[in-house]
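Just the one chain here, laid out as structure tokens, in the form predicted alone.
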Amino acid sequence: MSRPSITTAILLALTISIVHGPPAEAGKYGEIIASIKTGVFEPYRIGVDNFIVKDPTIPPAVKAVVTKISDIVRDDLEFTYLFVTRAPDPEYLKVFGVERLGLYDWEKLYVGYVLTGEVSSDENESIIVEYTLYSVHKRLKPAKLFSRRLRADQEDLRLLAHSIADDVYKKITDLNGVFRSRIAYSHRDSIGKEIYICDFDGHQPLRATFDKSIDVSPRWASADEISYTSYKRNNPDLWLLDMRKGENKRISSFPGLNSAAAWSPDGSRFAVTLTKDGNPEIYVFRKGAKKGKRVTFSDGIDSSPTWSPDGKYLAFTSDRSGTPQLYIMDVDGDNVQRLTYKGSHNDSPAWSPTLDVIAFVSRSDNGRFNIWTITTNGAYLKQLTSVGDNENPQWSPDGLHLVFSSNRLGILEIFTMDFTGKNVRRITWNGGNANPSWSPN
């Protein structure tokens, strides 16, 4: 794969955009979370019709990809577990002798919403999609909720479909979807480890680094920037890859370890583990600054920082008590409080961007590593995984999903699951994949 491919793909992602409003209010979000936790949530039921070709003169190459759009939209909505989707029932069409379902027909299939779409192309054979969302609640006249029009090149078909799914998801739930987000991870090859990026569902993996070294622990600094630790200069330095500009520069290169970087929610600061003063300690830097502030002071190992959603606190791992445990402190290092007391080895905290919980890895008595969550006041513990070794949890931007690495199938791969530990999905397939990180929207 050529070096410009990753930059090109990211820039293309920026060309298809639907403007979303501000984040959903806590009330709507909290209502959905509470209903999921108590098991009373009723998924939204939506019929996604097969998109049709509007222009009979459309080129065969474009016509061949039309049906994939509605399939991708269905898969996206089903991923969230907030939706149950229906496609046109061939038996229904056959019995009633129709080629397409009307809005009243969809109502009989027990859906509350219907998405339809028409596809055409321009002189460059780009894809143009006009799609409409309807409400078809029983006993009410079908109502149009909105119509949109998007254009994309054929190679951006999946991105176009993800954008449609994001639009539908936002309209129905009032929440921002994750369908255009991406996941970065470290992949082991025959030479070392490189950073790769894929869509949130694992499709379209692209190689982001070509260092021919050991590149690990990618973390998103922004939607276009990834930091990672690399040994390519014979020291574990911290690098920042700007995919929009095609630039890659060292941002922390102190002697010894420069690792486990975590970026503040606004991207203005990063916390990193350094060993320049002896044992591993956590430092906080302003982006672009050469000098940071040391915020941990213990005789043990302090590592794996993660930021609170408001940027005021850091959770981290420390063995200052004798075993690795989770702690929370103010971002300047004050008011350190221990969070975990159960388990003899707790590590890799990841603070949810929306929920008042922290995901982490705990080693069980049988030696297996599993992912747990704990509320930030330590009041509630929940085990999410139980098969194989499961590590490196990181949250989706909406806080409803986690990405993690696991060897549950015999090789190390990347998986996603919802915040309750259900709906586990494998998103990589070639082995040697770890250290995932989920991009912001």
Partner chain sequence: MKKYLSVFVLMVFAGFMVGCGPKPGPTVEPEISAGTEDVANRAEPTETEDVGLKTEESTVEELPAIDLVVIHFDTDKATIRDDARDILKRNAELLSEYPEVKVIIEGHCDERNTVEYNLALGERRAAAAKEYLIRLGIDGSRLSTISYGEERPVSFGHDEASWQANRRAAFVLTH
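Predicted, not measured: the structure shown is a model, and the values here were computed from it. Positions refer to the first chain, counted from 1.
What comes next is about the form predicted together with its partner chain, which is not displayed.
Contact with its partner chain in the predicted bound form, defined as a heavy atom within 4.5 Å, is made by all three of 159, 182 and 239. Stretch 140 to 148 is the contacting one of 140 to 148, 332 to 340, 282 to 290, 82 to 90, since its residues have non-hydrogen atoms within 4.5 Å of its partner chain in the predicted bound form. Under a 4.5 angstroms non-hydrogen atom cutoff, its partner chain in the predicted bound form lacks residue 202 among its neighbouring residues. Its partner chain is not drawn, but in the predicted bound form it has no heavy atom within 4.5 Å of residue 110. Of the heavy atoms in residue 214, some are within 4.5 Å of its partner chain in the predicted bound form. A residue is said to contact a partner when one of its heavy atoms sits within 4.5 Å of a partner heavy atom; residue 392 meets this definition for its partner chain in the predicted bound form. A heavy atom within 4.5 Å of its partner chain in the predicted bound form is found for exactly one of 101, 301, 357, 172: 301. Screening 252, 227, 296, 317 for any heavy atom within 4.5 Å of its partner chain in the predicted bound form leaves a single hit, 317. Along 193 to 232, these residues reach a heavy atom to within 4.5 Å of its partner chain in the predicted bound form: 193, 206, 207, 208, 210, 211, 212, 214, 216, 217, 223, 224, 231, 232.
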